[in-house]
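Only one chain comes next, encoded as C-alpha cells, the form predicted alone.
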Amino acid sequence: MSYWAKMRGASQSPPGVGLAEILWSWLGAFLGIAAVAYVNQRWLAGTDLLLIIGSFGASAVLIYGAVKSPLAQPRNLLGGHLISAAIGVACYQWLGQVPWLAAALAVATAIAAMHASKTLHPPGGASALIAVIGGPQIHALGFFYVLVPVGLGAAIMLAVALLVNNLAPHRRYPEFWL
C-alpha cells in the first residue's frame, strides 16, 4: 500500500451511542470535574496550590465517556498522569531556559515512558506539557506538582468514576486495575 493510500483510512466510523450513554458520560464528567474544582476552590483558595489542570478535561472524556477503553483504566489514568508529570517537571528543571526543547522532550519522553510502563493515557502528555508551559505558579511547585495537582486530582476523578460508572446497569468500571 502506498504512503498516500494509508491516509484514506481502513474502516468506517464507529456507531454513535444512545442517549443513556450520553447522559451517564455527562453526569460522570460533571461530577468528576465539579469535585476537583470544588476541592480547589474550597480548600486551596488563597494558597499557592491549585488542583485543577487542563489535562483533567481530557481524562474526563476517557474515564466517563470511554469507560471500556484501555486508555481509561485506573492504571493508565494514575500511572500515565504521575509518570508524565514527573517527566515534565524534570524536563522543565533541566531545559526550562529553552522552552520549545523542554516541551518537546517532555511530551515525547512521557509517551515513551507510558508505553514502556503500560500506562498510556493521552492526557498524561498534557500533564507533562503543563509542567513545562504552566507558568510561575506551576513551576514553583517543582516535583510537588506530581502529587498536587496531578496525583490528587486524578485520584478524585477516579473515585467519582468508580461511583458513577457503576451506578448504570449497562456500565462496568474498571475493566482492569493492573
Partner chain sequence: MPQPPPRQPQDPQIDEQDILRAMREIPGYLDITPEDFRQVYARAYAHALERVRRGLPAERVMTREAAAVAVDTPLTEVARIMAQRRVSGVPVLQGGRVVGLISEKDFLDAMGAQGGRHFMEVVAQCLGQGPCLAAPLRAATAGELMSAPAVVAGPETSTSEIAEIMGQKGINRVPVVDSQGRLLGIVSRADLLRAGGPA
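Numbering follows the first chain given and starts at 1. All of these numbers come straight from a predicted model, not from anything done at the bench.
One more form of this protein should be noted, the form predicted in complex with its partner chain, which is absent from this view; the next part is about it.
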message: On the criterion of a non-hydrogen atom at 4.5 angstroms or closer, are Thr109, Gln137 and Gly142 all touching its partner chain in the predicted complex?
response: no
field: Residue contact check: Ala5 to its partner chain in the predicted complex, 4.5 Å heavy atom
entry: no
message: Is Leu71 part of the interface with its partner chain in the predicted complex - any heavy atom within 4.5 Å?
response: yes
message: Taking any heavy atom pair closer than or equal to 4.5 Å as contact, tell me whether Leu178 reaches its partner chain in the predicted complex.
response: no
- request: Indicate whether Leu23 is a 4.5 Å heavy atom neighbour of its partner chain in the predicted complex.
  value: no
task: Report the stretch among 146-154, 39-47, 126-134, 62-70 that approaches its partner chain in the predicted complex to within 4.5 Å, counting heavy atoms only.
output: 62-70
- prompt: Are there residues in 1-16 with a heavy atom within 4.5 Å of its partner chain in the predicted complex, and which are they, in order?
  reply: Met1, Ala10, Ser11, Gln12, Ser13, Pro14, Pro15
